[in-house]
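Single chain ahead, written as structure tokens, the form predicted on its own.
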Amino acid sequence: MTATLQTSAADTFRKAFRKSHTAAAYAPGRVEILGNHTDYNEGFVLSAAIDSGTYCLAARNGSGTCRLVAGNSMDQASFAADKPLPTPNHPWANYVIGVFAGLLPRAKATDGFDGLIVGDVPLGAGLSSSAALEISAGLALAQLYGLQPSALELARIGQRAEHEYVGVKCGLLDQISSIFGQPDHLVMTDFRSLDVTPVPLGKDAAFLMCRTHARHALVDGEYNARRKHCEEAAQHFAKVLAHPVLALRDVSWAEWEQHQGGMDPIAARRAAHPIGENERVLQGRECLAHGDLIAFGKLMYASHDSSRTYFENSCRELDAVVDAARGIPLILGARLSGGGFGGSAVALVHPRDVDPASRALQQGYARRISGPPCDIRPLRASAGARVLTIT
């Protein structure tokens, strides 16, 4: 995210509302490196904040109405400050309305605000433009109304906005990654304790973002259906295992193999994915600690295979990226990133190999998929969300 875009956003705010903003915040998107659909199963994830994100600029307006403008499209939405309800006509605005509703009980004032949202996270790319929107809005509005929610409180407010105002029963991965990102580090999150630990990437690791243009959409029920199957599986294992099972995090791969035959076959297959992913994340952390990127890359490939086979949240475009990567020696590992069902894949390379690996991957993808090319660019693990100084 550039200073130029921040300046442009300030100019757009003045044109839209005929005044200057008094609060501003920025939040990045995120890339998930290992740990797919493990967050709501109380497991482990390795993720990173990325170098694309969203600005939210705001100023109180003294009225009972909140006005929102999407700076990229200039679409406008409004809602009552004392009764923030979702709007069917402006789906993007519901993320902000939900965040405002989460902050409202803490605010002493009931007047509304004018807000502008602008960013450069590709929509539908699986890089969590939604979390970047929620967290940037949460930080800016908290600043505007004199509130100081903790980082985890803010993450939960964003999560609740998606649950109640958008209809996606997401975990906390996206919001936590956006808040806790650090340059050149992965974010290791334990989603039972919510302990967050930075994990150094090392100088020999770089990532490529591979955007397929297969639209990534989670509100059609596929995401929620898989979460429901995971919950059903956890209930089954709680009955058949001798030790406590609160979530799939408490089930080992060996236990899945031994006891999966006694449950619904679809739920068993879905459960296999987060169970295996938890073990891969812990192994991946050890690989990074020892600088073993070859082994880490193999875990990424195994993660994608599990998504494809057990969770069925991949698609032909994402499979094409990963299949092409397997035939390119410069690429150490690749997998889908995020909820799946479209969006982007992420590939691991050495920094010196970014350009030749990108070219080879584009060519390999084009041989497999006709249509829009796969957009590939380097991806840098970056700093997390922050309130911006008004100049």
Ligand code: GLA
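Because the structure is predicted, anything quoted here is derived from the model rather than measured. Sequential numbering from 1, following the sequence displayed.
There is another form of this protein, the form predicted in complex with alpha-D-galactopyranose (GLA), and it is not shown here; the text below is about that form.
alpha-D-galactopyranose (GLA) is not shown here, but in the predicted complex it comes within 4.5 Å of a heavy atom of Asp39. Proximity of Gly338 to alpha-D-galactopyranose (GLA) in the predicted complex falls within the 4.5 Å heavy atom cutoff. Residue contact check for Gly35: one or more of its heavy atoms lie within 4.5 Å of alpha-D-galactopyranose (GLA) in the predicted complex. In the predicted complex, alpha-D-galactopyranose (GLA) sits beyond 4.5 Å of every heavy atom of Phe207. Only one listed stretch (301 to 309, 75 to 83, 171 to 179, 88 to 96) carries heavy atoms within 4.5 Å of alpha-D-galactopyranose (GLA) in the predicted complex, and that stretch is 171 to 179.
This chain is drawn without alpha-D-galactopyranose (GLA); in the predicted complex, the residue among Tyr223, Tyr165, Phe296, Phe100 with a heavy atom within 4.5 Å of it is Tyr223.
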